[in-house]
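As a starting point, one isolated chain is supplied in structure tokens, in the form predicted alone.
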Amino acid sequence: MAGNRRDFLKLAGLTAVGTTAVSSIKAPTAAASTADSHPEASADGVRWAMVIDLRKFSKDDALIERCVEACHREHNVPNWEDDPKNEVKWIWADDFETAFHSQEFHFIREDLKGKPTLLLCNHCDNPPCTRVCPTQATWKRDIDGIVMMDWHRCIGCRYCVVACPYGSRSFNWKDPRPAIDEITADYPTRMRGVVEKCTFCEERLARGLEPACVEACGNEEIVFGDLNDPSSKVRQLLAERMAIRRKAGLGTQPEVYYVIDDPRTLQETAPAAVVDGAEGGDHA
């Protein structure tokens, strides 16, 4: 019976989304198409955001491995290292140039060139993935902006995987449980045929804890906080430091920021001609 119900929902979803997907994934409006614009923060509620300091990560390659391990262990993410085509990831690394291929860095610093960059779901303010889901198995929470997943409602159509421009969603082609090294009893395991992704550790936030990746770093390489709070550390960092976001020009309004430089430090260590000259804007 469960199989027949799932098949029926898949057919219904394919029919519904097939007629609306094109209109749902449309070009951003003029107001949202600015390269890295951000709407005024709402005065109500919380808006969680993450700031990743690439300079600190560039000094210790083991940090990324520690973050990934902590996240995947906490959330029972399967380890298909012998079967990479079935890879499932919540947080992972790619080199800097690939992560930010839509931006130009003519004179990229050596400590960033080719360095692994931590990637995850961007929990966009304008998430295209939620608009194409036929069962509302993925949605953005009104209370804090986290893009959530309900694996019981997911029918495996994978429209959200296609709609996400960041590659942040994984599909379980096989039963993930045999590939979990040690099951964490506090977090539910998934099943074959569903999509999964990072949820900003919403279950930890509910207990007053930070996301697992933030806790694993322990030295402010990743800062997590409320973007709506002017006194929060994320707001302070974004006001003081130069930060970029992935593919912000798509109008998705990602809420994961990457610090690439401290202008004050740059002025102390670099010749004035480089900081103040015409080439200064090209330096990452």
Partner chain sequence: MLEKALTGNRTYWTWIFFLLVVIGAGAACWYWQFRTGLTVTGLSRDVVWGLYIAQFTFLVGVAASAVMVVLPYYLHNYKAFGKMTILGEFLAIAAVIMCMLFIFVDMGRPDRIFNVFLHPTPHSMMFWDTVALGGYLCLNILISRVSLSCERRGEAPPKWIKPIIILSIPWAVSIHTVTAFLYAGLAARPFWMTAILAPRFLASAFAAGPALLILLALIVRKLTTFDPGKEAIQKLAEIVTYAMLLNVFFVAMELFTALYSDIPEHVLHFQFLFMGLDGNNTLAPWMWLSVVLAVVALVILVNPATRRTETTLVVGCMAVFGSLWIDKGLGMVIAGFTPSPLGKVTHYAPTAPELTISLAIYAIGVLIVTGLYKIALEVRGQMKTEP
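Here the structure is a predicted model, which means the values were calculated and not measured. Residue numbers count along the first chain shown, from 1.
Only in words, not in the display: the form predicted together with the partner chain, which the text now covers.
The partner chain in the predicted bound form is not approached by Thr117, whose heavy atoms all lie more than 4.5 angstroms from it. Remark: Val68 does not count among the residues lining the partner chain in the predicted bound form, judged by a heavy atom distance of 4.5 Å or less. In the predicted bound form, the partner chain sits within 4.5 Å of a heavy atom belonging to Lys85. Although the partner is absent here, Lys247 sits close enough that one of its heavy atoms falls within 4.5 Å of the partner chain in the predicted bound form.
For the candidate spot formed by Arg47, His75 and Arg204, no residue has a non-hydrogen atom within 4.5 angstroms of the partner chain in the predicted bound form. Ala163 is the sole member of Ala179, Ala212, Ala163, Ile146 with a non-hydrogen atom lying within 4.5 angstroms of the partner chain in the predicted bound form.
Contact residues in stretch 139-164 (any heavy atom within 4.5 Å of the partner chain, taken in the predicted bound form) are Trp151, His152, Arg153, Cys154, Ile155, Gly156, Cys157, Arg158, Tyr159, Val161, Val162, Ala163, Cys164.
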